[in-house]
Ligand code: NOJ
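The chain below stands alone and is given in structure tokens; this is the form predicted alone.
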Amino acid sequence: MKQTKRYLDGIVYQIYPRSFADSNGDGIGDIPGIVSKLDYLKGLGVSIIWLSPVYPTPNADFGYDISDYCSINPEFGTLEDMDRLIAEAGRRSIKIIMDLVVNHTSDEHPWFKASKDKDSPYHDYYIYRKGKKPGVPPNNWTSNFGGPAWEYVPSLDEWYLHLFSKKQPDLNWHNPKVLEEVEAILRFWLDRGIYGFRCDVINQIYKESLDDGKWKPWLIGQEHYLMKEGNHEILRRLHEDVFSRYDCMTVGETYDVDYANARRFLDGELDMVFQFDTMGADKRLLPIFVRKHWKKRFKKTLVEWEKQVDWNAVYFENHDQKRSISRFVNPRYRDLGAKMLATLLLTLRGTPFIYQGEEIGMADFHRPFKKKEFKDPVNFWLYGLLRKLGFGEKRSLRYVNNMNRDHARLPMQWSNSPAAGFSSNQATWLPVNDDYKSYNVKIESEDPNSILSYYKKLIALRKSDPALVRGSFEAIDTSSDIFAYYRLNDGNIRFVLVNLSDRRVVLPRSISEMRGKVLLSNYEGAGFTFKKFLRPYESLIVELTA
């Protein structure tokens, strides 16, 4: 089938189904709730929806531990509800992509249950090994969720590998049967009308060896599984056997990916990758520690990825990251800062990914989460580790909240009614943020100067201007506070100028002497010609003139 590559011109909106819209009043979002909001997404200008996992799951990691790849989580609805979502979205010219989680399954998946019989063919679907000696794992690898990456099974006298929770055993991609199973899953969904997949931790599915890893303060063993040659071979096979035969898109979550591997992933393997460099701009080596001076790193990573990779997946937040406003904007300038980030998101070269609520300026929870309020399984491990290391309760909670994914998973704020219009039940699975009466879809839809209204104007401008979609990218060297670049297409020049800081910044003469017409700004009535300075978080999109 001919590939249309609509994702090149498209705008992706990520939905975390558990927190988007609750249709039945149980405090948990669901698929009928998503269907009810399709007109809103159409009005925003979205062309592709990415759904975080909607498959059956024991919820050890809220959907990223899958117990059945070809059905729907009963909390979210039925397979018929999913078919209706695909059809109703299609009527609005919106495509759906799903999460593909095939580094691991749930330990409650039928494959894994059967794997505990050594004589079962499913035993080789997972990575089982004998320990080095009694009571000692096969190697020193550590899990993303803390502790050893191995779990002992007494009945087998063997250990199984889990790079995440012990409830998420890793699949054995050395077994060709695993590839066959995954290809069948892909076809099942693509034949139902799915447009493609966001591929979870896809650059670490192939374990080249099980040798001990070099000691690191965070994760030990990565050199044996991140971006190995076998990983590329598997993705090429999936592309050749499945993806190339459908009109679809794929985007890979590729932790710690470098430029060379990113280019390889984009050459007959995947359509886009998520890089993590930009999201690490405000983090130190250990991500519980925050870096105050982040702007230079932030800008540098964006510019370098634009230079090194032909087409990027551009994002500033998702279900695994804290809210971008809370990370990169002084709360005194929340609206201006949100619009500034939107300007970058929708004018950089690549496909923009908007995370639910980003378009209305949703922020982190109004205070640090208390331990009893945690949902993210990583929080419990990290808090316990910090306490064991001698940190007090307050400091431990502060460090946990520096990377707490629960912040991004708060219920979507639809209105100023109870539970923010997310649910008729005020006992929502995570609490609604206190600011929902000021930042919600209903109130912002009625305000022409709101963050949401700015997003709509910005998306409409992008769609109407080929230079902002397919145009080349050329950055101007400036101070760390200023981000300036050209988008050029067939002689049309668009100039994007952004102040990343909360203070007034004087512009260099090379910019202040430019002339042009402002197409969009986050300051009302902003001019550009002979502009001497930028106000806090000011952003402009300019059509240059001679």
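Since this is a predicted model, take the numbers as computed values, not measurements. Heads up: residue numbers just count along the shown sequence, starting at 1.
The same protein also has a form predicted in complex with 1-deoxynojirimycin, omitted here; what follows describes it.
- Think of it this way: in the model of the complex, 1-deoxynojirimycin has a heavy atom of just one of D435, D465, D335, D200 within 4.5 Å, and the residue is D200.
- Note on contacts: among Y160, Y439, W429, F164, the single residue with a heavy atom within 4.5 Å of 1-deoxynojirimycin in the model of the complex is F164.
- Within 4.5 Å of any heavy atom of 1-deoxynojirimycin in the model of the complex lies no heavy atom of K339.
- When contacts are judged by a 4.5 Å heavy atom cut-off, Y485 does not count as touching 1-deoxynojirimycin in the model of the complex.
- Using a 4.5 angstroms threshold between heavy atoms, K299 stays clear of 1-deoxynojirimycin in the model of the complex.
- 1-deoxynojirimycin in the model of the complex is not approached by N139, whose heavy atoms all lie more than 4.5 angstroms from it.
- With the partner left out here, 1-deoxynojirimycin still marks one of 456-464, 148-156, 469-477, 404-412 in the model of the complex; by a 4.5 Å heavy atom cut-off that stretch is 404-412.
- Contact annotation for 258-297: no residue has a non-hydrogen atom within 4.5 angstroms of 1-deoxynojirimycin in the model of the complex.
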